[in-house]
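We begin with a single chain expressed as structure tokens, specifically the form predicted alone.
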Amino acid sequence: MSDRTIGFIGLGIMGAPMAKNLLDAGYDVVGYNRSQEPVDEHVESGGERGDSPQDVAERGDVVITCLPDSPVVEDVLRRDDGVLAGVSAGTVLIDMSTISPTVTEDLAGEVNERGGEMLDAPISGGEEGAIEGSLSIMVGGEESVVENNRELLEVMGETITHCGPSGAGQTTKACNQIVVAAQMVGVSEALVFANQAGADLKSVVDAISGGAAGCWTLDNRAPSMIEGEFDPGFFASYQYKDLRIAMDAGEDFGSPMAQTAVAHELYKAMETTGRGKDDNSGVMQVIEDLAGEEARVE
């Protein structure tokens, strides 16, 4: 049983199982969410209810945020009853959202002004990783703060990597999402092509998974993709948001983003065709739209 109280803000698809893992590890966890049903479920699992982000920050030694995007993180921190209003000397804020690196740097400065410390610690691994506590966590911030909280992070993740100063975790996550999107689009194109050519889709997946093309998407998503199952482990709308962050950062740093630009447009199409709440592997449906035929098994 830890003697530290954890505040957890954002009990969604990823946040809820992460908070549950902390409870199971013996931490006291005060939970807050904009909608109340996830908070009720958190309380049923043994957690405590937070009345506001400020309340959570005042009660927590460490405050974890797991939120959709930069504007939401900024609002939750800066509003009148926000996290910053409850931060005091010694408070550690760990933002596990995926947001802009420059926004992260600004918020870290505001936390520091109030005597607290901030880590940006975006995550990868999907809902499965959140449930199993096997996430990859990319951390930016002071190394001493990372080490002081490594045991806590290891409850939620299997791979904890300190990537550099504030903002470095978010930069690393942008790199991660560039590669994830490339996998999703590449696998989608391959499966639609195989279908158009009359190949057996299950055999194609089995064959290429064991060779140089083997990747996470083939192992964890392709079997459901060819069955037309796109229940969300990670929303396509979040993938689109992450690619916007990557594209903006590429512009700021003058980095070529040719492949990412194509993926960005395909995920934009997911949004405009009403598929943003599908899993990010659902980008296959956009490729199918272009082909005029679905790639499915019986």
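Residue numbers run from 1 along the displayed sequence. What you see is a predicted model, and the numbers here were worked out from it, not measured in a lab.
Another form, the form predicted in complex with a further copy of the same chain, is not on view; read the next lines as being about it.
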Please determine, with the chain shown alone, which of 113-121, 67-75, 80-88, 188-196 has non-hydrogen atoms within 4.5 Å of a further copy of the same chain in the predicted bound form. 188-196
Is L135 part of the interface with a further copy of the same chain in the predicted bound form - any heavy atom within 4.5 Å? no
Taking a further copy of the same chain as it sits in the predicted bound form, is G254 in contact with it (heavy atom to heavy atom, 4.5 Å or less)? yes
Could you confirm whether T161 comes within 4.5 Å of a further copy of the same chain in the predicted bound form, counting heavy atoms only? yes
Tell me, yes or no, whether A249 is in contact with a further copy of the same chain in the predicted bound form, where a contact means a heavy atom of each within 4.5 Å. yes
In this chain shown alone, the residue from I226, V204, I131, L153 with a heavy atom within 4.5 Å of a further copy of the same chain in the predicted bound form is V204
The one residue among A108, I208, V92, V146 placing a heavy atom within 4.5 Å of a further copy of the same chain in the predicted bound form is I208
For the stretch 256-274, I need every residue with any heavy atom inside 4.5 Å of a further copy of the same chain in the predicted bound form, listed N to C. P256, M257, A258, Q259, T260, V262, A263
Relative to what we see here, could you say if G233 and Y27 have their Cα atoms closer or farther apart in the predicted bound form, with a change of 3 Å or more? farther
